[in-house]
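Take a look at this single chain in structure tokens; it is the form predicted on its own.
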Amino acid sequence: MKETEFGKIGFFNENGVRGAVIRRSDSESINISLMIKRGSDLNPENKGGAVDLFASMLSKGTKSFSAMDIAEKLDYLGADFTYKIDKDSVIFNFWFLKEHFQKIFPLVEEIFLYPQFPEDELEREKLKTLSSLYQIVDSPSALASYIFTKNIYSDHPYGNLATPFSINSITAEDIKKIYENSFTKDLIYLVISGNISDKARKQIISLFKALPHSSETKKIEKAEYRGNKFIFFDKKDSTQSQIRLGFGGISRRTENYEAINLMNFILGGGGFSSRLLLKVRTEAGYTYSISSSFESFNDGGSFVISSFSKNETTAETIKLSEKVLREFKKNGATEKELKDAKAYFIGNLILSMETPSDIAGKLMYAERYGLGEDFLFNSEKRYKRVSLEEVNKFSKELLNKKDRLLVIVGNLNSMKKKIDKLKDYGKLLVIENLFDSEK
């Protein structure tokens, strides 16, 4: 095992079960993180949200325990079972005190290896999901982001989002098939962290040795956005507009990704020091907040500028944002901006790895995107060696996309006189109901 400031870290591959162990002798707890290295592509066609339901259902009944039994046992032992999902992975986390290992272990085994996905529990989870979906319309920010994601990825699995229609069509058989296709030796990656003994480590790993190898091969095309699209969600009671302006991005597997992070920090990810905030908020006064980000996954990604403004100044906010992009692409960053960006990222590296759970997340991230086992240990070096030439090279390459997606959520009537200013973004498509177009 490697001695680090985060504890002793070692990697294993035992009978096809791969992962890492983070030993912390000063910890009183153990955390088992299990990552499935697939995400959106596990959703059946036109059944967005199925993976989310699968994750929520894993602890809703097993061969020996009901959903109530599981909840009561977790509560009694002070343990915690959670999950999170992104476009490329599903991660389950089991946290408990070291002293309760033998009591909690049968539950760990049942949840991971013998879930039953009972129909009545599935119906409850579907109702919760439907309620959350309808709440999106009440949040202009969430609404704008949903419409942007749906359209930037279009027919790609990344764009296969949950809708009321898709949720209602999902069956227990769909959930079981996702489990069968994902719980395989090829796709799981384990990170065991905390005060863990060799005996307990072997006991946990042994659970998964009988898992099959994956039988499903699925080739996913790269997500690419083409064309110009201008979508306006007419929220008639709105006094301001939510804005999402962007284009196709890059895969996380792109080399020198640290240079891209630094470039975006200078452009729009760096809070009050960013170019977009300086020009659009501080100097022009069009908005209180504006930011930019690259969303990068295995099969592509997107770039988006997110902001809001009064309906009357929405068009000006968009046009000025584009001007900042053009100027940044043309002139690039400065040495001082790059120095400040590096100081921010390097300073936050330690803060982002304070707990074993944080470190587990970094290790799984590296595994998910093939970044290598040394990714965790060399982050500072990678940021330090980025040159200004690299940053400005990426700004010219990545901000040069002509195809644009513009999404506005606001009051169309109050903007009618200025809509012509945005005609370069394509034919205006006005929608008033988020789920009108679903089949």
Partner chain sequence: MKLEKFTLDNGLEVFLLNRRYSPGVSIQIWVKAGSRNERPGITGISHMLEHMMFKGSKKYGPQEHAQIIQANGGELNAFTSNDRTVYFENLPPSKLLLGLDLESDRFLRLALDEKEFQTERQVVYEERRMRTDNSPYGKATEMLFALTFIAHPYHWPVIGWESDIISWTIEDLKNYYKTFYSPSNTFILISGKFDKEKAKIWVEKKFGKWKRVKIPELRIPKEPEQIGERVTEIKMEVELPFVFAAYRVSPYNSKESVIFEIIEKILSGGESSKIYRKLVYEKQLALSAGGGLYSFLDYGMFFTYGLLNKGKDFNSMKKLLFDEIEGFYQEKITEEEFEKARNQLKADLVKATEKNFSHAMVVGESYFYTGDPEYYKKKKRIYEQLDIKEIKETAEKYLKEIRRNSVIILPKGAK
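Whichever C-alpha set is largest while still superposing within 1.5 Å between the two forms counts as the rigid core. Residue numbers count along the first chain shown, from 1. Here the structure is a predicted model, which is why all the values come from computation and not from measurement.
Just so it is clear, the following notes concern the form predicted together with its partner chain, a form of the same protein that is not shown.
When you look in the predicted bound form, the only residue of Glu119, Glu354, Asp86, Asp186 with a non-hydrogen atom within 4.5 Å of its partner chain is Glu354. Of the residues Asp155, Glu180, Glu221, Asp80, just one reaches its partner chain in the predicted bound form with a heavy atom at 4.5 Å or closer; this is Asp80. Proximity to its partner chain in the predicted bound form, taken as heavy atoms within 4.5 Å, picks out 28 to 36 from the listed stretches 378 to 386, 28 to 36, 44 to 52, 395 to 403. In the predicted bound form, its partner chain stays beyond 4.5 Å of every heavy atom belonging to Gly268. Taking the partner from the other structure, its partner chain in the predicted bound form has no heavy atom within 4.5 Å of any heavy atom of Phe165. Using a 4.5 Å cutoff between non-hydrogen atoms, Pro140 counts as a contact of its partner chain in the predicted bound form.
Remark: Asn348 counts among the residues lining its partner chain in the predicted bound form, judged by a heavy atom distance of 4.5 Å or less. Contact check at 4.5 Å (heavy atoms) against its partner chain in the predicted bound form: all three of Lys60, Ser238 and Asp340 pass. Residues are counted as partner-facing when one of their heavy atoms sits within 4.5 Å of its partner chain in the predicted bound form; in 38 to 70 these are Lys60, Ala67, Met68, in sequence order.
After superposition on the rigid core, the Cα of Ile30 moves by 2 Å or more between the shown form and the other one. Gly227 shows a C-alpha shift below 2 Å between the shown form and the other one [criterion: core-superposed Cα displacement of 2 Å]. Once the rigid core is overlaid between the shown form and the other one, Gly194 counts among the residues whose Cα shifts by 2 Å or more.
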